[in-house]
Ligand code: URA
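A single chain, nothing else alongside it, follows as structure tokens in the form predicted alone.
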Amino acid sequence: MERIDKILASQGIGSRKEVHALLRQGRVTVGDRVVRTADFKADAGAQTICVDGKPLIYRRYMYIMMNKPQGVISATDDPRQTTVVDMIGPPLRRKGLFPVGRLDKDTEGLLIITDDGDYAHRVLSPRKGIFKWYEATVDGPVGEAEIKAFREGIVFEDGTQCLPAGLSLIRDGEQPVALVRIQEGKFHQVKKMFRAVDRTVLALRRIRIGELLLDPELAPGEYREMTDAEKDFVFSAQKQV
């Protein structure tokens, strides 16, 4: 049982102040009872809560898939720049949302946004060994030498050793597109790995986390709630590139 104002605020109905106004105006019901006091206790999982006659679909946690666009930072808030959380609007917007891991400002693609700290920890935990797949457009050929270097584990200029990674060619040409598979999340990792083999990344897009694929229907900047199955796909058996 929780206070009704806390339940409503947690579901993005409004701020505590706005929720209190709804209650005073008699616009909230629990079962057949009109509730006007903020400290009224309710069981959101067992009781029907309505706002203006519309049933509240209670979610303890929110899980959002976003196709992150370029120019937006992976953060909860920033006084100078737009963040991925700023982009979430009603009805999915709610207090406590944060990105699971990060994508660089100029990197696009699959990003999970949630308010479930335990879920985020499991996704990011090195012990889980969850692979991430990226499409990288680079400025030079991708051949056996580069593939072998990735497979053996790239070493950065500062001596940092990367775990073995997968690299394969998607499309050849003047600016080839390669598929990269890594299970780490070092700062600017994919860009630094290519730099170590004398290639520059011109564009980068994450397309997969574990077995969770970026929804092709989501344009950059769009997002949607994840299904229960999709939440589990992240932890499914890993496949090799």
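Quick caveat, the model's predicted, so the values are computed rather than measured. Numbers follow the displayed sequence, beginning with 1.
Below: the form predicted together with ligand URA, not depicted.
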Report yes if any heavy atom of Thr107 sits within 4.5 Å of a heavy atom of ligand URA in the model of the complex; otherwise report no.
yes
Counting only non-hydrogen atoms and a 4.5 angstroms cut-off, does Phe131 reach ligand URA in the model of the complex?
no
Ala44 within 4.5 Å of ligand URA in the model of the complex, heavy atoms
no
Residue contact check: Gln189 to ligand URA in the model of the complex, 4.5 Å heavy atom:
yes
Which is the contacting stretch out of 44-52, 57-65, 170-178, 190-198, given heavy atoms within 4.5 Å of ligand URA in the model of the complex?
190-198
Identify, from the list Leu103, Ile147, Val138, Val85, the residue with a heavy atom within 4.5 Å of ligand URA in the model of the complex.
Leu103
Give, in sequence order, every residue of 198-212 that has a heavy atom within 4.5 Å of ligand URA in the model of the complex, or say none if there are no such residues.
Leu204
